[in-house]
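Only one chain is given next, in structure tokens, and it is the form predicted alone.
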């Protein structure tokens, strides 16, 4: 069963003209991560690589495709967690950085803290030699257009939030049986300055534990935080539920209790995996046993050989 990697590119509604780019984006990210695992690399290396690929892809709401806050600026959140030691690292409200997921990993590996925010996170990035980039290079025409649209009186950013794929993330189990998760986001469309969502919060945006499995989440951040969705799903797995059943139970509870929609990718220590969502769509891809799996709509599940690039 091992190794395995599962990647998501966000839950919501993908406009038809963007769905192909979204699907090919998660497929290449899964391929890149799986190549690391096949080469004997760690699950942490694999999930971080998958997320870097998605942060570099302007189709996704992370890195260079991030949505803009109320002021028209980019503020990004990211989280990594290592299932072997339960070490984690996160950053929130960071600016001027191409790959927040790399910075989150540095927080985990180079500090005694679990999360750095805003200005402090940016100072840490400078100290670590992470290059600052101009904010303009993180802003796409699409993000700017949607920001302007949502400044109009009577606009509902929460509703139109679903028109752009959200948070990106990945979970993996390597050939040693070590489990990791990584999640990264530009946050919520037209959010208040300084708003931090679920992504950088351990147990909400993601969780990894070698004894239980790993989850990376996407969707309505405030709802995910209320139910600590990632940890809730692992709690169901602890009680004997399968990856699919546990994921569905967590998502159903979030929907019934707080009216939130979202999606998750989940793995267990044996390498069973699931990509489940309560939103209309979630673009996802998984790689295992030299096979690439992917889908966008509920019930959709395509497969092809990992070597087949088409």
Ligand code: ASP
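Here the structure is a predicted model, which means the values were calculated and not measured. Positions refer to the first chain, counted from 1.
The same protein has a further form, the form predicted together with this ligand, not shown here; the description that follows concerns it.
**Q** Select from the listed residues 202, 139, 227, 188 the one whose heavy atoms reach within 4.5 Å of this ligand in the predicted bound form.
**A** For this set of options, the contacting one is 188.
**Q** Considering this ligand in the predicted bound form, which of 146, 195, 95, 236 comes within 4.5 Å of it through any heavy atom?
**A** Exactly one listed residue reaches within 4.5 Å, namely 195.
**Q** Since only the chain is shown here, I'm wondering whether residue 100 would be in contact with this ligand in the predicted bound form (any heavy atom pair within 4.5 Å).
**A** No, residue 100 sits far enough from this ligand in the predicted bound form that none of its heavy atoms falls within 4.5 Å.
**Q** Does this ligand get within 4.5 angstroms of any non-hydrogen atom of residue 221 in the predicted bound form?
**A** Judged by the heavy-atom cut-off of 4.5 Å, residue 221 is in contact with this ligand in the predicted bound form.
**Q** Only one of these stretches, 213-221, 82-90, 170-178, 116-124, has heavy atoms within 4.5 Å of this ligand in the predicted bound form; which one is it?
**A** Going through the listed ranges, the match is 213-221.
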